[in-house]
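In the form predicted alone, a lone chain appears below as structure tokens.
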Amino acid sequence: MSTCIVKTDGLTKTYHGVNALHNLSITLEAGKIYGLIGQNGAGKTTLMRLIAGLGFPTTGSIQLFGHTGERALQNERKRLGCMIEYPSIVPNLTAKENLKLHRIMRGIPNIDVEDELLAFVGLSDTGKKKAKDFSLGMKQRLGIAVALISNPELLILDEPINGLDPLGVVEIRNLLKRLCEERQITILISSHNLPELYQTATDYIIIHKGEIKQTLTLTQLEGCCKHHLLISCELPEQLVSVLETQLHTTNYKVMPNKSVELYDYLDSKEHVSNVLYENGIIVTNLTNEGDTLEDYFISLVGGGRNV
């Protein structure tokens, strides 16, 4: 049975009479990477700030590790690591000095954790170089190291790959997967880079105008976005027979409207068409279908920009 790390119930946050979040209820389970998807102003950062205790809900409740109530939540938040809006680093300090500062502020006596984290995020060789002279990717990795200083069970990262070059994006992706797999840390990550989230997250939370539009697993998302040949004809039963006997595939699905989604032969549409014609199937539609994550997100929220 999965352990519940975070649970919100009817969470609402209002600023000047406008709902940044409205009646939001989600559950985060241990050992997963949750991708938080939404446009600018959708409420992603607001949600993260409320979970981290950097703000208070107008109505609704937050449960952390099975506990509620402000006193209990304050104690449970010691089990969180956060990088929200920007890395919490001091520009004129080295990477190790930054970690030492946060270690002391957190009251962590283990000095070795500094070198361990620097090695883990790939910053062991930065020496006396000041953080202000780091590349954006190095600053992001240092920010993640700072968030890991207390060995958290939940890591909250707001746009950690924003502005990174392709190499930096891959480095952060691999780092997050290692954290989840090797340290069993649950991760909540927001990003505008939807293809990258598709390669990183295990679960997805789609938020729009402060409300949850959908929560789904990677398997469910792949099902929604799965590419296929969409075939329509007058005799779907005969079509299915030809697929199995002539094209030797059962990798298809008959839809409620009697069209057929064929998940094989995606690059051989002409061959499929010829085989069907030779077997007396009059095809009324034969098209390549399937969404990218961006397509699916846009269709779900009804279009819009700043995805």
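Quick note: we count residues from 1 along the sequence shown, nothing fancier. As the structure is a prediction and not an experimental result, all values here were calculated from the model.
FYI, the form predicted in complex with a small molecule isn't displayed, but the following is about it.
- Heavy atoms within 4.5 Å of the small molecule in the predicted bound form map, among the stretches 34-42, 273-281, 252-260, 53-61, onto 34-42 alone.
- Taking the partner from elsewhere, residue 20 is found to have a heavy atom lying within 4.5 Å of the small molecule in the predicted bound form.
- Heavy atoms of residue 76 never reach within 4.5 Å of the small molecule in the predicted bound form, leaving it off the interface.
- Taking the partner from elsewhere, residue 159 is found to have a heavy atom lying within 4.5 Å of the small molecule in the predicted bound form.
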